[in-house]
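Only one chain is included here, represented as structure tokens and corresponding to the form predicted alone.
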């Protein structure tokens, strides 16, 4: 990994860990996303004596603020209605690690907290994919706001495509989002294909690697060695962050991949992320204690060769020649996209006018909400341009809520700032929407205006 990340700041040699099982939060008592996901891991780590080693330090999470959530999400009707205290702790755990990293207290960190977050998009009307708010994205915005980081890379290793994280940074050329996952034609959320490359001002900064069901350690490490690591070295991020989903494991009940605990640990050693944030992984007894133990030891620079699942057998899983060719072809296609990203952006922008628009339909599988969005981004020559999102959420045959959202990016030019504020003010009298929302990231100021009551809430 030499040369991929910016020089360290003389950070301490410890790996920081945060555990938060969220005993008081569950979708249902028998749901796969439940507290046992972390309890078995914690038992394993204490039995192994890892917490007594000088290379590892346990940190205590803090609560994220409502403003931390509003910095990343448009929560409708407001932040308070979409979260519980458990969500604030899970998000706060990532920021605790961010502070410890920046202050030189740790060399890297792993947030083992739930609820997870990578299916939560910029606009939030409820829970989808077990996620209400996006812990990884909240940490990225915190790093940028408090510590001034600009170029950040997120590598998502969850078996499900991180469509929420992709959505949040779709138009941001300074955030490189790379996701490998089981092919969306065979698994939720049905997205994450190679043609999903980012908005016209950020083409090639979203890179998706859909993998065939049954992909093994061999296939995933081929992708890592031949695509992810070279792209990271070329991008030169200030931080490398890992959305550490562990449901590529061969025993996971919700997917069909064939990754092992040793494969995960070796991946982490090669990737060398600054911070890992737990996402999915639902083989509570047969995978998570071993995968997490391997990752922690790899992060701490410890020998992880002894970490093996009870039913692991070397050579048990192999890939066919056809599967190998499929993975190699995908990597070649993506390398070509990365190589030509600037040309792709120039070509896309030359074909568009002053604004880029797209329509989306989003399904909240947990809360059974259908959302329709119309997104518009100003293609400005002087900045990244401001964004508006007209969002309507429906449950059954009734309208649940509607919102008009305006987002002003960091470093926006004077013209974009003025036009964005005009959009916000003009829509405060638009009865098509229940709420009008404003994000001003330079000012770190966030507002929600209730069109019916004319009440304004600021964060």
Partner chain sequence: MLIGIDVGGTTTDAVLIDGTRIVKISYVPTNHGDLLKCLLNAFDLLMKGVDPKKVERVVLSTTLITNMIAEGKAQPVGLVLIPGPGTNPKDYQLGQEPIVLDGAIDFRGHEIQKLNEDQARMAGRRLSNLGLKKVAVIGKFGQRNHSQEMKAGEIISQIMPDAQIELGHRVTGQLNFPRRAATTLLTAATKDSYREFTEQVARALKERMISAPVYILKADGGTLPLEKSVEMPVETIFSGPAASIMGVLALTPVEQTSVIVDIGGTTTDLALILSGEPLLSSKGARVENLLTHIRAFAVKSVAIGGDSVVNVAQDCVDVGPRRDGAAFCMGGPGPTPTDAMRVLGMTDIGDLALAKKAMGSVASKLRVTLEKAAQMVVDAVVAKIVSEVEQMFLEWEQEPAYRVWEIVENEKLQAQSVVGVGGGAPPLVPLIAKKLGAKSIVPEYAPVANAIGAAVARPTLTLNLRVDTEQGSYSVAEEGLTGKVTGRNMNLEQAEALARKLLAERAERLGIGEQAKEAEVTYSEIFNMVRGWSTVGRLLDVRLEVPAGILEGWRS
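Numbering follows the first chain given and starts at 1. Note that this is a predicted model, so its numbers are computed, not measured.
Separately, the form predicted in complex with its partner chain exists; it is not shown, and the next lines address it.
A.B. asks: Using heavy atoms only and a 4.5 Å cut-off, determine which of 354, 351, 336, 85 is in contact with its partner chain in the predicted bound form.
C.D. replies: Selected option: 85.
A.B. asks: Could you check which residue among 285, 225, 329, 322 gets a heavy atom within 4.5 Å of its partner chain in the predicted bound form?
C.D. replies: So the residue touching its partner chain in the predicted bound form, by this definition, is 285.
A.B. asks: Identify whether its partner chain in the predicted bound form is within 4.5 Å of every residue in the set 20, 44 and 89, based on non-hydrogen atoms.
C.D. replies: Yes: each residue has a heavy atom within 4.5 Å of the partner.
A.B. asks: Any chance residue 398 has a heavy atom within 4.5 Å of its partner chain in the predicted bound form?
C.D. replies: Answer no; every heavy atom of residue 398 is more than 4.5 Å from its partner chain in the predicted bound form.
A.B. asks: Does residue 310 make contact with its partner chain in the predicted bound form, using a 4.5 Å heavy atom cut-off?
C.D. replies: Because a heavy atom of residue 310 falls inside 4.5 Å of its partner chain in the predicted bound form, the answer is yes.
A.B. asks: Residue 48 versus its partner chain, in the predicted bound form: is there a non-hydrogen atom within 4.5 Å?
C.D. replies: Close contact exists here: in the predicted bound form, residue 48 approaches its partner chain to within 4.5 Å, heavy atoms only.
A.B. asks: Flag residue 180 as yes or no: does it have a non-hydrogen atom within 4.5 angstroms of any non-hydrogen atom of its partner chain in the predicted bound form?
C.D. replies: Output for residue 180 is no: heavy atoms all beyond 4.5 Å of its partner chain.
A.B. asks: Can you check 69-77, 298-306, 167-175, 371-379 and let me know which stretch has heavy atoms within 4.5 Å of its partner chain in the predicted bound form?
C.D. replies: Partner-contacting stretch among the options: 298-306.
A.B. asks: Which residues within 57-89 place at least one heavy atom within 4.5 Å of its partner chain in the predicted bound form?
C.D. replies: Residues within 4.5 Å: 58, 60, 61, 63, 85, 86, 89.
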